[in-house]
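The form predicted alone is given below as one chain in structure tokens.
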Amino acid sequence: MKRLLLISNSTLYGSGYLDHAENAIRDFLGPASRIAFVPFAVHERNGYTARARERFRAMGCTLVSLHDVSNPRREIEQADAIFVGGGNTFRLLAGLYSFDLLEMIRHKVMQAMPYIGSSAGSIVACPTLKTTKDMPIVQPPSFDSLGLVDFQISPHYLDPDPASTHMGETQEERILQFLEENDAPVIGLREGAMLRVEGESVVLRGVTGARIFRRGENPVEVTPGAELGSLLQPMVEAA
């Protein structure tokens, strides 16, 4: 049974790195202690790894970064769980293709290896990276990502501000544009929110809510504790 913890953001205003998610991570990992870390979303991977390693050490875990070993595939085989960090989603996906890790990670997670993603790491758990807000600073071979879930995530979701004088597109407008061309539902995951996936169950966790967008329907507001499975199924076109 697949198990995923998909976090909107690694740092919440007023707290430190992963502080707001610590209890959820500890509960999710259980006895798992050796974590394979995917740092490909950032350019300076040594500093990023040091920060993540120290944070997971405080949770009783040993974190090994895939950029720091001679055989990343072997490290994944030896790990108890995998953590895919945030940063630029295009760079992250390009790195996963470059190291030929997509199929292996997909297989391990579908065989019950716990998967934790934060921001970009949550997006690549989806079918594609098309709901990222990042600039395409590199070009991955494809927009297709891990496909561990059937829906899309738009992390760091910001509600439209009716008092704003900014004339650019809101995050909601960009999601609606996505749905003009694609069928997969999208969950706008506010900062402080996360999804816990256990098999077919998808439960919203954290301290803030989320907004679910489905093609041809009005958005639905959901609050922490809600089971979202039925709301995240693609629309079935009438015959």
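It should be emphasised that the depicted structure is a prediction, and the values quoted were computed from it without experimental measurement. From 1 onward, residues are counted along the sequence shown.
The same protein also has a form predicted together with a further copy of the same chain, omitted here; what follows describes it.
**Student:** Any chance all of 37, 77 and 118 sit within 4.5 Å of a further copy of the same chain in the predicted bound form, going by non-hydrogen atoms?
**Tutor:** Answer is no for this spot.
**Student:** Would residue 226 count as touching a further copy of the same chain in the predicted bound form under a 4.5 Å heavy atom rule?
**Tutor:** Residue 226 lies outside the contact set for a further copy of the same chain.
**Student:** Is there a non-hydrogen atom of residue 222 within 4.5 angstroms of a non-hydrogen atom of a further copy of the same chain in the predicted bound form?
**Tutor:** Result no; residue 222 lies far from a further copy of the same chain in the predicted bound form.
**Student:** So in the predicted bound form, is a further copy of the same chain close enough to residue 99 to count as touching (4.5 Å, heavy atoms)?
**Tutor:** Residue-level check for residue 99: no, no contact with a further copy of the same chain.
**Student:** Would residue 111 count as touching a further copy of the same chain in the predicted bound form under a 4.5 Å heavy atom rule?
**Tutor:** The answer is no: residue 111 has no heavy atom within 4.5 Å of a further copy of the same chain.
**Student:** Which of these stretches, 57-65, 172-180, 25-33, 195-203, has heavy atoms within 4.5 Å of a further copy of the same chain in the predicted bound form?
**Tutor:** It is the stretch 172-180.
**Student:** In the predicted bound form, which residues of 1-21 put a heavy atom within 4.5 Å of a further copy of the same chain?
**Tutor:** 11, 12, 13, in sequence order.
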